[in-house]
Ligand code: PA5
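We begin with a single chain expressed as structure tokens, specifically the form predicted alone.
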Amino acid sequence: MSWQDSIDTTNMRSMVSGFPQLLRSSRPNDYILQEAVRLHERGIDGILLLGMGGSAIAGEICRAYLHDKTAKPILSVRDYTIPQFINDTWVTVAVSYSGNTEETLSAFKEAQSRGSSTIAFTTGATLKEYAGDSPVHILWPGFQPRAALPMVLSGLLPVLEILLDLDTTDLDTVSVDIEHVSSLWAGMQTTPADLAKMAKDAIPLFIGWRHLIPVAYRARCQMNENAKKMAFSSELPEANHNEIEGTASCVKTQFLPVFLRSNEEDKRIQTRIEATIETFIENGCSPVNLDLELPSRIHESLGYTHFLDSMSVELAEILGVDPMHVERITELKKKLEIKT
């Protein structure tokens, strides 16, 4: 059975469960790969990633995964405009699942006007039209943009790696590994459902380090959109220089700090994380030390994402809300249309 037959795009739980299959669903075609090779051989000064909301997350995860593997800068912009230094020596990669995200379209047009080479990831619509003869990776339609993350990443990561002259990651193997690990969740000390129950009457705070920083941010967004729940994300070591003082409010406000642990932690960061956990406990919080014991950086980035996506769906069910509907986002768009 193909993933198209096994995933119900009208059901968020089905789309989240299909995360591993979607991770091997949308490889870039030969034209895009050849163009990426050509651009690399021509020479580039950096890569600009454009996207908003669920369409931006794949780029953020890729950027964090690749940040110390290349000397070329990878910049992420989630806005209408781009930095002045973007020019014809940069490659701009825009992701808009709908193809109509106004901030992304505005930034994309500005990049084109600066002479930047462009590559687009979309289901079609205006972004495809704007791209013209430039490479366009067409995504499968019908998904909520946030649920399309593994589909976007399965095409985006290989393109970025080729642009940067890096070995391409074997996402097929990673996908199979994550599928296997997720089948073992039920036997874990803390399951996605367990974590969702803890978050029912608390404010989740997801805390990541290095490549898990965008994963923590993704978890926050999934709680917001799927479970209609306020949540926050934080990053170490930065949080130790400011947010740590906020633990004093644990006495009055019930937070659920969730620390995403990595096998890449050295002794210094391990000591820092453990000290931070102790501070939360001393101030009345009950932090969760989440360690999925995954074998590599990319496994951690995607495995934690899948786990926490599942938590968001479990929390939506507990709270009795529909994770498919984003009424407030839709209403806000209507207000903006009226006012402009």
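Here the structure is a predicted model, which means the values were calculated and not measured. Note that residue numbering begins at 1 and tracks the sequence as displayed.
Keep in mind that the form predicted in complex with the ligand is not shown, yet the notes after this line are about it.
Engineer: Of the options I281, M52, L33, I44, which one has a non-hydrogen atom that comes within 4.5 Å of the ligand in the predicted complex?
Structural biologist: Selected option: M52.
Engineer: Heavy atoms, 4.5 Å, the ligand in the predicted complex: which of 140 to 148, 86 to 94, 261 to 269, 205 to 213 makes the cut? Say which one.
Structural biologist: The contacting stretch is 140 to 148.
Engineer: Using a 4.5 angstroms cut-off on non-hydrogen atoms, would L332 count as touching the ligand in the predicted complex?
Structural biologist: L332: no contact with the ligand in the predicted complex.
Engineer: So in the predicted complex, is the ligand close enough to S98 to count as touching (4.5 Å, heavy atoms)?
Structural biologist: Contact with the ligand, yes.
Engineer: Answer for E161 alone: is it within 4.5 Å of the ligand in the predicted complex, judged on heavy atom distances?
Structural biologist: Looking in the predicted complex, residue contacts with the ligand do not include E161, since no heavy atom lies within 4.5 Å.
Engineer: Taking 4.5 angstroms as the cut-off for heavy atoms, does A316 touch the ligand in the predicted complex?
Structural biologist: Looking in the predicted complex, residue contacts with the ligand do not include A316, since no heavy atom lies within 4.5 Å.
Engineer: For the stretch 291 to 319, which residues lie within 4.5 Å of the ligand in the predicted complex by non-hydrogen atom distance?
Structural biologist: Stretch hits: zero.
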